[in-house]
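Next up is one chain by itself, shown in structure tokens, the form predicted alone.
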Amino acid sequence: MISPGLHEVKYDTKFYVTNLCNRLIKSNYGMGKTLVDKIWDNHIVVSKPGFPDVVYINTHFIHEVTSPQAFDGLRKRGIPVFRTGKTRATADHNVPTMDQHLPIKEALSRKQVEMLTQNTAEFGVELYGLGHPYQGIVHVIGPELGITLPGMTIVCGDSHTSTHGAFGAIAFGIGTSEVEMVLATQCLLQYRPKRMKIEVNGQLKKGVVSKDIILYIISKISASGATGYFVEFAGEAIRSLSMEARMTICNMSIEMGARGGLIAPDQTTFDYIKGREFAPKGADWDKALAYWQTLYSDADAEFDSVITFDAADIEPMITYGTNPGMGIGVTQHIPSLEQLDEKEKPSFKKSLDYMGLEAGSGLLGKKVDYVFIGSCTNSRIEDLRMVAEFVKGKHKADDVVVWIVPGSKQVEAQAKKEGIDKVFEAAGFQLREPGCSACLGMNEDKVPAGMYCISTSNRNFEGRQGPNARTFLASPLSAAAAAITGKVTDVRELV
């Protein structure tokens, strides 16, 4: 029998028995199941009516921000990490993206990274710290190393753990107390989520990429429209995407309130995984693949909610406000007050005041000061290739600062191997070292107060990129276009 999500043979006997019973019960009833339910049922250790399920966790990622208190809790109770091989650590949020060989300047950042090093050494957890060839943003390194696999349960003390759902896994962020729980038991107490399916059918138009898809969806259902759900993304437009593009979709599922998002694995998934450092190999690959090929929602599976979109309706997107749901097509206008409910108007006005924008106005031609291409949303090699192809032979506007931050040391090395770094240098772009960087104001890469940044990251909250910084979220293509022109631009005019 293959254990769920991985070619692993070290699960508890109790887990095996529970898992087998679940499968037999479902097969006897012949009920259609969603992908979420298939994975969930395969990971239940204990389930009792009226109580949360005890769910086994395949892989636990940790970083320097949400792990110190969890390790301290173990230390105070005198207990070890239960399964050290199931936890992988990396430094990403607080790290500088220049001169990483030097001591970190910011005292708090330096302290948090040092604590991660000390804690992982004390408790025997694998660490990909600064200088390690596998170091990078936690949600970039998991997939590229072959740690993230279909059918898994994956958690991390980070909301964008949903990224890993692109592989057909149940992946979600957890709080620090839950980080401690997983370190101590390799399990979590969780209520089964509701299931939503979002289909995007048809073909994408020129200049529209996966970031535009997810910003469009969030703009339509709002930043809270999927609260309480695990979302399965499906449809022709989703199936046509590469794995890295799918990761962008699932990464931002959390931005519409979802517990997480996932996409059924297919040949695109299997081709991406095969041969990666920690992926199954040989006979283990064949066994794992046989299981992975069962991971799809049955034709008669019932979802709690189904929403359908037409890919032809999507144009390059950009946000105008202070949550990811406040987005419009780049040629459209910010809503007017008359288009809003009375209860929405106060927060809408507050958001526009912060952004220095007016209701009913357009964004085309709006001057930008900074361009940030990076974060766990858009810092993979495919993103960098996309930008390099677009800017080759062009040069950035004189008054725009452009930061390109790879998601990992492997992405950085591949970019240099392909000469992408030379393309960026010629265009006046700065290729920095891996880290979360200007996605959030927890390191040295902050946007100055009052400045406008067009960013490929996932959140545009007040102060997210630095105190009083103003953020427009967009795709790597749209961000690159703004870097060249110095203003918000419809990339379709340049491609």
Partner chain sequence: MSKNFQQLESTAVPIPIENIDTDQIIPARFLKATTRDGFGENLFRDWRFDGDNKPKADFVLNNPTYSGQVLVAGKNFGCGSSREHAAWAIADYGFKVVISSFFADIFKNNALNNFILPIQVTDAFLDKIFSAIEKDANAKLAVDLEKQTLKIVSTGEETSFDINPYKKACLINGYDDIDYLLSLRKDIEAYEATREFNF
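Residue numbers count along the first chain shown, from 1. Given the structure is predicted, the values throughout are model-derived calculations rather than measurements.
Unshown form predicted together with the partner chain; subsequent notes refer to it.
Visitor: Just checking whether S347 would be counted as a contact of the partner chain in the predicted bound form - the rule being heavy atoms within 4.5 angstroms.
Guide: So S347 counts as contacting the partner chain.
Visitor: With the cut-off set at 4.5 Å between non-hydrogen atoms, does G428 touch the partner chain in the predicted bound form?
Guide: Because no heavy atom of G428 falls inside 4.5 Å of the partner chain in the predicted bound form, the answer is no.
Visitor: Going by a heavy atom distance of 4.5 Å, is E462 a contact of the partner chain in the predicted bound form?
Guide: Yes - in the predicted bound form, heavy atoms of E462 and the partner chain come within 4.5 Å of each other.
Visitor: Should I314 be counted as a contact of the partner chain in the predicted bound form, where contact means heavy atoms within 4.5 Å?
Guide: Taking the distances in the predicted bound form, the answer for I314 is no, it never comes within 4.5 Å of the partner chain.
Visitor: Since the chain is shown here on its own, which stretch among 416-424, 387-395, 201-209, 147-155 would lie within 4.5 Å of the partner chain in the predicted bound form, judged by heavy atoms?
Guide: Result of the contact check: 147-155.
Visitor: Only one of D99, D266, D284, E302 has a non-hydrogen atom within 4.5 angstroms of the partner chain in the predicted bound form; which is it?
Guide: Of the candidates D99, D266, D284, E302, D284 is the one lying within 4.5 Å of the partner chain in the predicted bound form.
Visitor: Which of L337, I79, V306, L364 has a heavy atom within 4.5 Å of the partner chain in the predicted bound form?
Guide: Checking each option against the partner chain in the predicted bound form, the one that comes within 4.5 Å is I79.
Visitor: With the distance limit set at 4.5 angstroms and only heavy atoms considered, check whether G175, G228 and L440 all reach the partner chain in the predicted bound form.
Guide: The answer is yes; G175, G228 and L440 each reach the partner chain.
Visitor: Within 281-302, which residues have a heavy atom closer than or equal to 4.5 Å from the partner chain in the predicted bound form?
Guide: If the 4.5 Å heavy-atom criterion is applied to the partner chain in the predicted bound form, 281-302 yields D284, K287, A288, Y291, W292.
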